[in-house]
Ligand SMILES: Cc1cc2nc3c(=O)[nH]c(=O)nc-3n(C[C@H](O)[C@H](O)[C@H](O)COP(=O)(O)OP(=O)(O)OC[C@H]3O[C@@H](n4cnc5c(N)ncnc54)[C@H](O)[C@@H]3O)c2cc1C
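Shown here is one chain on its own, the form predicted on its own, set out as structure tokens.
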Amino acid sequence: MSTNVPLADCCTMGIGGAARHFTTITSLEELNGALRWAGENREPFFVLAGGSNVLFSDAGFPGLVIHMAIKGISFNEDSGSDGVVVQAAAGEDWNAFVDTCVERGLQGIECLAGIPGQVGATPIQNVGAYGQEVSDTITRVQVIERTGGDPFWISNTDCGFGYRTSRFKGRDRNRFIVTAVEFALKPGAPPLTEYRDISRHLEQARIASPTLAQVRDAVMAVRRSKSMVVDPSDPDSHSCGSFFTNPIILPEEAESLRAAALEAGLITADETMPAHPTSDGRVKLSAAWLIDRSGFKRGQRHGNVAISSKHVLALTNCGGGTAREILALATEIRTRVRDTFGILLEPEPVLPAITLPPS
């Protein structure tokens, strides 16, 4: 166990003070040992995965940061009608896991390539992109209680998956630690190409019948064009990815919102307001569109932080940025979107030891 470890070095945003204590665990036994130590010493703890969806306080973390590094992947090729069942430990790198599955011809997560982070974090917020969500293929999630103990499995139906959420982020927040995830993937099935950005990229490359690998490569190219792949040489990738989730509202609320936007001159009569039906009968709005129409622009700088020059959903560290600056910019965005559209955007990254100022 180490002390006073800089957390800025442990996350893609490159922001954060020091952890009072820090340990990397590579087994369930080590995880239980760290939890016992935290309990015996009355130290708060935070489980850190890949650091791609977290913003640490400038003051650091006043307790123990447990870095998840449990590894292991297994394939059950004789899994029956559900396809090939794949189990991956929580500390496996997500993008490398996607690559491994694509190389084996297993369909189901190819559109989730390039997402930074670890396997164990994906079910917590039901990671999704370009028409796929991990909940589409997760069969069960292995967890332990945060008080320690033996691991056990929770089925997909009991995970409470929704848009960018799950029971692990909702009613059971701070109850479980994910230690492994099981997926059912389809050997030889055609890749998903429904999302317009992906299909357009394939059309431009003149690929009419893409393979899994070609769709994965298209996803990576599109993500790179938006600085959504971690790249030390790309300052726009020094972020948490999308800082806000897309709001989900009732259809009648979306109609009223469009009418109000039209009356206020925010859109013209022949323009559409992005709104996509969800499986539960509601409508998903575009947070990026709301931010843009509220007057924020790509590349807009605020001190040492900025809105990404590639898209307005990402907030970036230009160098020397602080959590305080990021939160001030996020609060300004939330306030103006609320005042313009009556919609309060919700942050997507985890904010340990941080309370977002009210908008």
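Just so it is clear, the model here is predicted, and its values are computed rather than measured. The first residue of the sequence shown is number 1, and the count goes up from there.
Just so it is clear, the following notes concern the form predicted together with the ligand, a form of the same protein that is not shown.
**Message:** Counting any non-hydrogen atom inside 4.5 Å, which residue from 85, 138, 287, 124 sits next to the ligand in the predicted complex?
**Reply:** Only one option qualifies, and that one is 124.
**Candidate from 230, 102, 261, 254 lying within 4.5 Å of the ligand in the predicted complex - any heavy atom** = Filtering the options by heavy-atom distance leaves 230.
**Item:** residue 306 within 4.5 Å of the ligand in the predicted complex, heavy atoms
**Value:** Although the ligand is absent here, residue 306 would stay clear of it in the predicted complex, with no heavy atoms inside 4.5 Å.
**Message:** Considering non-hydrogen atoms and a 4.5 Å limit, does the ligand approach residue 326 in the predicted complex?
**Reply:** Residue-level check for residue 326: no, no contact with the ligand.
**Message:** Against the ligand in the predicted complex, would residue 322 count as a contact residue? Criterion: heavy atoms within 4.5 Å.
**Reply:** No, no contact at 4.5 Å.
**Message:** With the partner left out here, check for me: in the predicted complex, does some heavy atom of residue 224 sit within 4.5 Å of the ligand?
**Reply:** No, no contact at 4.5 Å.
**Prompt:** Want to guess which of 41 to 49, 327 to 335, 57 to 65, 291 to 299 is within 4.5 Å of the ligand in the predicted complex, heavy atoms only?
**Reply:** Going by heavy atoms within 4.5 Å, the stretch is 41 to 49.
**Message:** For a quick check, can you give me the residues of 162 to 180 that have a heavy atom within 4.5 Å of the ligand in the predicted complex?
**Reply:** Residues within 4.5 Å: 164, 176, 177, 178.
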